[in-house]
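Given as structure tokens, the chain that follows is alone and in the form predicted on its own.
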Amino acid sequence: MESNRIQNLKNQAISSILEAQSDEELEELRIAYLGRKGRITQLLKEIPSLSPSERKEIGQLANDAKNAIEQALADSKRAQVAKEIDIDKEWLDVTAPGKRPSVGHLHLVTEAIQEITTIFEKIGFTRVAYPEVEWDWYAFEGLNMPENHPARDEWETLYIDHLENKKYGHAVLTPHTSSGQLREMKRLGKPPIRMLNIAKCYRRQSDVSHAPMFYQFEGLVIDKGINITHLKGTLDYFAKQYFGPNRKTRIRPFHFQFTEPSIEVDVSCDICQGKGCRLCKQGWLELGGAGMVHPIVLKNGGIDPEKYTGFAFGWGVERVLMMKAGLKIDDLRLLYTNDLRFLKQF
């Protein structure tokens, strides 16, 4: 048995298959080559009678020929089906309603960032952006956080190995957008300042209301005569614009190193309508912190605290989004699962 014989048989079969004009012809060819008494089948039956040295080579060639013929038959049948479908499509009902293609949308967090930006731009804030990889001085030291402050612990902050600046210290993944306060003061040099900084932040936290990577939006206003009533009015304005006129907010005294006095801001939970749930626990969800910019921070930013005062606030974008009326998102981590079943709901 020669290898040329097998190759010729395969070529002859494939050529005949390509010339076939109907399913009936294809079936006749299948039987002629691959049926119980087909030529390839008979060829395979001769293999056991060969010498051991020929058996392996000829067996492999015969199997390859069989597989090639089967594939040619399958391709020709698909081509026949496609041809029949094309014939059917020659008639077109132009009055039939069309099928609309699926249309995607921006991610919920991106939509929230755009809406937040629009709300603050209406009252004079300017959107800026600062580095995600930040120096220790901007993230902590310049914000009046001493070296032993808990927020600077390596279990709280993500430090970057082998990256250090002689003047500004170690590099970190920025833990908050507050570092943008110092950069904005240094960039502008003097008030008035009305900054909105929206950026990714990183912390070692993960639960229903925290994620290792999240977004914050930071507001900073510095000018002559700025006081805490201006801060409260700004926060109330945003809450009514974003959550609606009927949602309730509250402020609580707190302590931050970079503001004095300091407050935390809560909003009534839309998930449980203030009854208490696994997200809010007691009917209120913390949105973030705020306060009057500490004089030391103003001085570190090159602003004279004797002439100017200012307020700042830093809120989580995802937390604000979760509390938007009607969304009912009770786990912040859902926003980053990339599950289309979840995303298509909105």
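Computed from a prediction, not measured in an experiment: that's the story for all the values here. Just count from 1 along the sequence shown to find any residue number.
Not pictured, yet referred to below: the form predicted in complex with 3,4-dihydroxyphenylalanine.
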ask   = Any chance Cys280 has a heavy atom within 4.5 Å of 3,4-dihydroxyphenylalanine in the model of the complex?
value = no
4.5 angstroms heavy atom contact with 3,4-dihydroxyphenylalanine in the model of the complex for Tyr138 = no
key: Heavy atom of Ala290 within 4.5 Å of 3,4-dihydroxyphenylalanine in the model of the complex   = yes
ask   = Applying a 4.5 Å heavy atom distance criterion, does Gly314 contact 3,4-dihydroxyphenylalanine in the model of the complex?
value = yes
task = Sort through Asp270, Glu184, Glu134, Glu218 and report the residue having a heavy atom within 4.5 Å of 3,4-dihydroxyphenylalanine in the model of the complex.
result = Glu218
Listed residue (Lys232, Arg203, Arg247, Arg127) with a non-hydrogen atom within 4.5 angstroms of 3,4-dihydroxyphenylalanine in the model of the complex = Arg203
ask   = Can all three of His176, Phe256 and Thr259 be found with a heavy atom no more than 4.5 Å from 3,4-dihydroxyphenylalanine in the model of the complex?
value = yes
Contact segment among 210-218, 67-75, 96-104, 235-243, judged by heavy atoms lying within 4.5 Å of 3,4-dihydroxyphenylalanine in the model of the complex = 210-218
